[in-house]
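Below, in structure tokens: the form predicted on its own, a single chain.
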Amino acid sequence: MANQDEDRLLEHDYDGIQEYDNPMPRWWLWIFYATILFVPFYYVAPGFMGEGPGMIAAYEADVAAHTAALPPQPAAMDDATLLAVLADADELKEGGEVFTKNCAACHRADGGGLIGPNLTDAAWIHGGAPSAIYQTISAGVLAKGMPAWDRILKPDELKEVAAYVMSLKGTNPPSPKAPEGVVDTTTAAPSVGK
């Protein structure tokens, strides 16, 4: 019996400790080999090997659920709607409050421009039509550091602040920032958003 144990004894020695070469039980090895053989079938057809959809169907369902949970994007705004808001004194006042709270840090409280462009002159970087101004405020200009306000403000607040920006045109504040962009001569209505 001693010779059999010596055959199983490994030749290496660590700190005076020797190890036996004990093979794995046969039943464990057969389970291990069976899992190796099972993997290609599971990888190729995950939806057919049990309950539930395949990987692609599960991914598409997750994307659809996430998209459905997102807030709805505001519809494109037309010039007539924005001009109607411009004519309403109460909405214009609320737009001024939203502008002072969120926009004055970059455009100054009087719209004369600071980090952002001057909103009181006739030059517009992204178009001076009311709908263009609304779109600029809504989508933002990330390259220039202006956030997309449609994710922060409510739809009514977006309309009101766009109308307020239109009302700033031609107000001539003291020491305004130099005009930027293109002078808008295509619209008779006041322009919105730079």
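Since we're looking at a predicted model, the values are computed, not measured. For every residue, the number given is its place in the sequence shown, counted from 1.
One more form of this protein exists, namely the form predicted together with a small molecule; it is left out here, but the text below deals with it.
Contact with the small molecule in the model of the complex, judged by any heavy atom within 4.5 Å, is made by just one of Ala61, Met55, Ile125, Leu29: Ile125. When the small molecule is considered in the model of the complex, Gly116 lines it closely, a heavy atom lying within 4.5 Å. The small molecule is not drawn, but in the model of the complex it has no heavy atom within 4.5 Å of Pro155. Residue contact with the small molecule in the model of the complex: Pro40 places no heavy atom within 4.5 Å of it. Taking the partner from elsewhere, Lys144 is found to have a heavy atom lying within 4.5 Å of the small molecule in the model of the complex.
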